[in-house]
Ligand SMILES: Cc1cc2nc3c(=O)[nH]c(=O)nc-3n(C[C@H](O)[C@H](O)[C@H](O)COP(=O)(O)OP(=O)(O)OC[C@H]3O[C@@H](n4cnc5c(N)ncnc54)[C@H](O)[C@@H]3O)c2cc1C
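We begin with a single chain expressed as structure tokens, specifically the form predicted alone.
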Amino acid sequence: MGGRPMSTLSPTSSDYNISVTEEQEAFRLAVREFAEKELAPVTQKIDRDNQMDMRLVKRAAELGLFGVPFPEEYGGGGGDDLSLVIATEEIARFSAAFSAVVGATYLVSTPLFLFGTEEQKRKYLVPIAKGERIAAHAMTEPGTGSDVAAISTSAKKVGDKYVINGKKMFITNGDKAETFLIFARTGPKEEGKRHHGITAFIAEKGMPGLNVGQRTDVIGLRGDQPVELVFDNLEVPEANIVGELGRGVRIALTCYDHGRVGVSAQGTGLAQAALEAALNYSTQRQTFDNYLLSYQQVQFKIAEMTAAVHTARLLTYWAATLTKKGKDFIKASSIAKITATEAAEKNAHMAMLIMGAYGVSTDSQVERILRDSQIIKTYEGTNDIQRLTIMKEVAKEMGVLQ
């Protein structure tokens, strides 16, 4: 990205300017109304049945939630990453799983917008941004997680096509998607350049050789469980290469830099929901003729939860604002992701302590929030990987690393 890099040792005041416009606040209220009136009543059912309500996904498309930051000419709403963060937080406040359906689609639309050809944008980005097609990002493999350069899925050129073989795991939206962004190795690993030789391809549902495998049931985000994808001589036109041949890792990492801001918004929404649950309970439940909120132990927990929410929100908005300014936001997005996702976990746990048996009941949203927090701490790069990323960026600033 362009602009002056943000310095850890000598920051300026302009690095921390956050401004939410009247249009963005109006957008927030529209999304909040949808979330409170339409999503909230079915959230527990989505989690209990482990099945997404696709009718509501269609409603989200009608609200423009799949194309928030893209120009209108590509089917978008003309907003920015901060607008998307605001929407994601409001949705995740009630259902992180629902927000994941929307968020995972941006892992395809964002690289298409940033690296795709004009023809690819017209053919693939426009219907995704309009919410007409769900998308899935396929990178993770059975033996490969954070080390994206270690993938073994292969793509070999045959005429004007590439033949892809391999398997992907833990693919969000894999069973719902009509459009897929697949990363495969098109060249050998080079000495000292192991990230080279990986290429991004667009594939479509129904192509021979693209098979959806078994679902992997995980602890959280029930309703949007990941699946495996199996490629058996999947033929993809050469025209479906996104970006440069052999330079797909750059596309993926740029995509994840943006995606982490969205995960931070999920964490903020979950942390807010846990705080609200604890406040509602502690102002209604009485013990020994006193409301729970009158006890200092509860007051301290509520205070810590409140601080965690505001910290998460400010850092998330900050990271999103830096993407809008075109400044270096890699470090900021990692900081926000760690803070917000761990705030969600912390607040869910504290809400459980306040609410007792009601907090651990599967009828309670708090129990779901704690489960969901474990997933968002893991995907888009685990939080320990984010710590390594932060340190790497600081080391670059110090001139220790190139």
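Just so it is clear, the structure is predicted and the values come from calculations on it, not from any experiment. Note that residue numbering begins at 1 and tracks the sequence as displayed.
Same protein, other form: the form predicted in complex with the ligand, not shown, and the subject of what follows.
Spot the stretch among 143-151, 91-99, 207-215, 241-249 with residues whose non-hydrogen atoms come within 4.5 Å of the ligand in the predicted bound form. Selected stretch: 143-151.
Touches the ligand in the predicted bound form: Arg260 (any heavy atom, 4.5 Å): Judged by the heavy-atom cut-off of 4.5 Å, Arg260 is well away from the ligand in the predicted bound form.
Hey, in the predicted bound form, does Met139 get a heavy atom within 4.5 angstroms of the ligand? Output for Met139 is yes: heavy atoms within 4.5 Å of the ligand.
Thr199 within 4.5 Å of the ligand in the predicted bound form, heavy atoms: Answer no; every heavy atom of Thr199 is more than 4.5 Å from the ligand in the predicted bound form.
May I ask you to state whether Thr179 is within 4.5 Å of the ligand in the predicted bound form, using heavy atom distances? Contact check for Thr179: no, nothing within 4.5 Å of the ligand in the predicted bound form.
Check each of Gly76, Gly166, Gly223, Pro226 and return the one that places a heavy atom within 4.5 angstroms of the ligand in the predicted bound form. Of the candidates Gly76, Gly166, Gly223, Pro226, Pro226 is the one lying within 4.5 Å of the ligand in the predicted bound form.
Under the 4.5 Å heavy atom criterion, name the residues of 379-394 that approach the ligand in the predicted bound form, in sequence order. The stretch 379-394, when checked against the ligand in the predicted bound form, contributes Tyr379, Glu380, Gly381, Thr382, Asp384, Ile385, Leu388 at the 4.5 Å heavy-atom cut-off.
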